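Taking the form predicted on its own, here's one chain by itself in structure tokens.
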């Protein structure tokens, strides 16, 4: 079986159909390139063939991109020179697409070529758009669900198979920047408005429209602008007045957004700038060199691994127990506050019937109105129709009556973080729901095993920790209690898959996984304030190492009084072993001053009347003066990062984490841990465990036992092991 096939009709139009075997969406492989080139050669050599249509055999999509395993394969095939293997592989792809683009035309006269059109039934991403960009005309079916774009930057690379060079030369650097630097995706009509595709036609007319164009195309219709004499780049080349301003602004924007820690964005900009100064074929070579440079960077490999390979594996149920399908049909949400309202919305959006319960009808209705607000905003942006709004709201029943829970196969409890309140609603719900229903509690800190004591069926009791805001956050943390059974885990995983979130499964322990790691990050920042480290240095050090928010801004966003509440509860549980007294001094003082964070428009930052940050609060220095001598930037960054990653290692060591893939994906999606690193375990692998252990010893000597090297890390350092080498999926298969 082959991925590409060709049929020629009576009018002399050859249709090459891409249909990757065993995949729901087309992905390009090394074998696929060989097959595609052979068919293109055959079509160009056959005098009976007047032109070609390239399309997909997959309903609703053209292609999802490159099979990322191809990258690893090209590296392996090159032996001791992986960079050469990658570069040669990329240039081979360029050669094939250039063959499509030139289509047999005379190099001097640009005549005699055969028209090649691309017909997109739907989604076209990555290489799935780069190949069409090398064709002479792109037709897209009017499929509003289709996504068209180049999202490579989102996983740590950039469009390196001609997409960068062609899009910039087609649209200009300024117009192309959202699609290249932000990975912006568009539906077909918006893609046409932007100038990415040429025509949008009804789905049932897609092939006939493409064929009509192929049969009527003239020589001038198939010559790309950059192959014509006198071509000038839209918006101006880098050395023109307008182009200079474009590239100056782009460089500032890239550095402003990435803080210099994402190599792909900088490499992309370099490829565009340098490529714009040379002829097209040389520009492709420049692009290939920068793409190779990025692929050889460990950050790129780590991001691909975590944000694509591992994330996809977890979403497909890599750690799902082997039990029957547990698709959720009807979910009961207890508590219609911010979390419950968000859970109701994402559930109804996924087509699940929802019963939303609160103590008063007013509160329940207010929870349902949260969905109304989101949908109205979607309507104003033309992303949602009135019919879709009505359908979604019809799936949510807002009530005070627990009897409405009858028939629910999953309950998600989202009431106050108070064990007695949670116990009360658990009993009320279990009196109504079916015997086989699964009961999930949404909590960020309370032990699941303790909460399960209020349940008559602890094996069917599980924790599901949503992150706020529920409709925007991608991660869901599933927590197994001591008695939680496999069916409850499977139900939770299937539900998270239904609502299109990424799940991680952890065992019950204080703060579970995400909060266990993020609290030390916040605490380390607050500690430094007390020590006299400049707050601006703390915040900027965090951002310059890839954290989305500095620790002081983060505690403002989550609220200082919540931090006080967590500190008091932790101290009560740990007694004399409690390690964060120095943090409490600062935190409690802030709370006593009434500075509770953004919600009170006063915290570590100052805010205006509208709640907009105005910079760090200058009153902080009066209480905790900034020291004359400040630490090095790397010292502050290492304190902030190691505070997090050591907790991740301890979570693995203690069995809270069962899979390091969940540790990495959960860290990036849950609290934004330096995405360029691939997550805590990938970062430690970049550093190397021997150096990581040595650095921990240095930090411990200077700052205390919270940085002490975990036994597991010490052991691995002694053996020169990496985390993915020892605990990764390939290592598990070999065991």
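Numbering follows the first chain given and starts at 1. Since the structure is predicted, the reported quantities are computational estimates derived from the model, not experimental observations.
The same protein also has a form predicted in complex with nicotinamide-adenine-dinucleotide, omitted here; what follows describes it.
- Just one listed stretch, out of 659 to 667, 541 to 549, 176 to 184, 356 to 364, contacts nicotinamide-adenine-dinucleotide in the predicted complex at the 4.5 Å heavy atom level, and that stretch is 356 to 364.
- Although the partner is absent here, residue 330 sits far enough away that none of its heavy atoms falls within 4.5 Å of nicotinamide-adenine-dinucleotide in the predicted complex.
- A residue is said to contact a partner when one of its heavy atoms sits within 4.5 Å of a partner heavy atom; residue 465 meets this definition for nicotinamide-adenine-dinucleotide in the predicted complex.
- nicotinamide-adenine-dinucleotide in the predicted complex is approached by residue 416, whose closest heavy atom lies within 4.5 angstroms of it.
- Contact between residue 336 and nicotinamide-adenine-dinucleotide in the predicted complex is found at the 4.5 Å heavy atom cutoff.
- With the partner omitted from this view, the residue of 160, 340, 132, 149 that lies near nicotinamide-adenine-dinucleotide in the predicted complex is 340 [heavy atom within 4.5 Å].
- Of the residues given (443, 299, 293, 305), 443 alone sits with a heavy atom within 4.5 Å of nicotinamide-adenine-dinucleotide in the predicted complex.
- Annotation for 399 to 436: interface residues with nicotinamide-adenine-dinucleotide in the predicted complex are 402, 414, 415, 416, 417, 421, 422, 424, 425 [heavy atom within 4.5 Å].
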